[in-house]
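As structure tokens, the next two blocks hold two forms of the same chain, structure 1 and structure 2.
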Structure 1
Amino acid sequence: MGRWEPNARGRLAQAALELYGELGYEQTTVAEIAKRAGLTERTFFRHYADKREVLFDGSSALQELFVTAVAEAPRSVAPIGAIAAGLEAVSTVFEGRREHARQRQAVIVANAELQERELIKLASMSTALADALRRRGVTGPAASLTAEAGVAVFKVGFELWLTAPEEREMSQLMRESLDELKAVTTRG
């Protein structure tokens, strides 16, 4: 066995989520998080760039999954259809994690700084999606607009999923949200 307990990074993330939930984000100090994880404050900052980032460990993987699904959709599929495929792919990774997602989201909605961080993660996703669409041949503002639309559907669908009854599946809620967006931009 090693000199240190394994998975320091995971312990920090777990301790942070707990403390942010128990005391609130602002009232929690990084020193407390580190102490609960059996580490020092300095080590926290070696694993996470700042106090907010510890809640967003999986966001890069989620973005890659979304982008890959868009990129790999059949050539015959229209841009908005490729986004739909991405939403489908993303939905699978949240299966069985609704309770964890609810706990995390409760922490985030309680604090503006954390919401800011979440928004920039979604903006990064939008940029990456737009790039993927351009690689599919989408030109001009259409790529950005389709990507923004996709992220908007993800946001709305995700929130619906958090508040929906347990039996409702995320993928279905994403499809319904996308259909709703299509309807809403068509009328008028």
Structure 2
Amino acid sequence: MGRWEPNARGRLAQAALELYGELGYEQTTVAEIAKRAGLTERTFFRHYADKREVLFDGSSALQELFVTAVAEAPRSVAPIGAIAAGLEAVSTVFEGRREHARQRQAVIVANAELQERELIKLASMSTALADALRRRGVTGPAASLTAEAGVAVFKVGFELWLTAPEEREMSQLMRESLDELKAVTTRG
């Protein structure tokens, strides 16, 4: 591919994911990613701060989508219902991206530094969700607990979606995971 071709960011991301899978994350250099994408290292750094960020590109937009959906959920729904609206919204981001998500997750699972980064991103998401719930009038610990539950449901639903032997809609798995959480919290 020549440098003049469009979608440099996407090409860099694809090249990085391929190389991480082939060589391992730690063994892959920015120079190799840029070369595979048919671009320069300078172009890489115009798009990404470091090779780690290639894997986490879009996480801020995902968090914003989740938070916005929670904030805009009907006022009549319970806090967990607002979280359900957020889970539905974020599920749409992953439509048609299951294989990409599997490859990305395999790279993250194989590297402790990346696992730590993933946990930091999820903690940030939980904090942002709790803030959105507080703006909806949910008080104190209830906002934090609901946000943490929402992130837990997201993690479990995401993992189920990645590992399901058959193609399943992520939104359905999110709903099922949320139903499981509700069931275990209401049993006597």
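All values derive from a computational prediction rather than experimental measurement. Basically, rigid core = biggest C-alpha set you can superpose within 1.5 Å across the two forms. One-based numbering along structure 1's sequence throughout.
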(request) Compare the two displayed forms of this chain and pick out the form predicted together with a further copy of the same chain. (result) 1
(request) Would you kindly determine whether R134 and R42 are assigned to the same rigid part between the two structures? (result) no
(message) Please report the angle, in degrees, through which the smaller rigid segment swings against the bigger one between the two structures.
(response) 16
(request) Enter the rigid core superposed C-alpha shift of K35 between the two structures, rounded to one decimal in Å. (result) 5.1
